[in-house]
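Shown next as C-alpha cells: one chain only, the form predicted alone.
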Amino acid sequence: MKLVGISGSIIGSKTSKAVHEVLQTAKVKDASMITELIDLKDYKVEFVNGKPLNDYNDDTIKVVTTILSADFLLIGTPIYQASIPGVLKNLFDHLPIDALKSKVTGIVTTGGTEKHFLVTEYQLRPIINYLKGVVPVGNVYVHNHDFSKDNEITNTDIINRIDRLVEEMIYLQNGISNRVEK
C-alpha cells in the first residue's frame, strides 16, 4: 500500500514535521508500506483556471497524479485565521470529484490556539467527504507548544494519538481494499 502525506503550506516547517511523523509511524507499523511526502513548499502548483490537468505545469501534474495514485492519504495543514491555507484549497480544486473515492484520508493539523482544532471538522472533513474520501475518527491536532525549538513533537499524548491515527487508517484502508477487491 502507498500512503501519501501532504503538507499543505508553503511556509514554516511544523506541519511538514507532523506529516513526516505520521509517515514514519506508518512505516514502523507496516514495513512494506510505501510512503511519500508532498510538501507543497517544494512545488509550484498553478492556480486552478478550468483547464484540463495536462495543460498545467509539471509540478501541478505530478502532485495531482501522486495523490490520485495513492492508496490512502494524510492531509496536513496549519490553521491560519481559523482556516486552511489557500495553497491547500487550490490543490483540492485541482482534484476530480471522486479523487478520494475508497481512500482513507487522515488529517493532522497544526495551530496556535486551542479552538483551531475545529477547522478539521468544519472545513476539512466536508471537503474530503465531497471528494468521497473516508475520514478517520482519530485525527490529530498539534498545538504550537507541542513542538520543541527544533520542531520535534515533544508531547507524548500527541505521539500516542499519531500512533492511534495510523493504526485506524491502516485498519480502515485494509477493510476498504478487501471489500473493493471482492
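So that there is no doubt, residue numbering starts at 1 and follows the sequence shown. What you see is a predicted model; the values in this text were computed from it and never measured.
Omitted from view is the form predicted in complex with a small molecule, to which the following refers.
Trainee: Taking the small molecule as it sits in the predicted complex, is Val104 in contact with it (heavy atom to heavy atom, 4.5 Å or less)?
Mentor: Output for Val104 is no: heavy atoms all beyond 4.5 Å of the small molecule.
Trainee: Would Gly112 show up as a contact with the small molecule in the predicted complex if we use heavy atoms at 4.5 Å?
Mentor: It does: once the small molecule is placed as it appears in the predicted complex, Gly112 has a heavy atom within 4.5 Å of it.
Trainee: Heavy atom to heavy atom, is Asn49 within 4.5 Å of the small molecule in the predicted complex?
Mentor: Taking the distances in the predicted complex, the answer for Asn49 is no, it never comes within 4.5 Å of the small molecule.
Trainee: Although the small molecule is absent from this view, report whether Ile79 comes within 4.5 Å of it in the predicted complex, heavy atoms only.
Mentor: Output for Ile79 is yes: heavy atoms within 4.5 Å of the small molecule.
Trainee: Among the candidate stretches 56-64, 29-37, 126-134, 112-120, which one is within 4.5 Å of the small molecule in the predicted complex when only heavy atoms are counted?
Mentor: Partner-contacting stretch among the options: 112-120.
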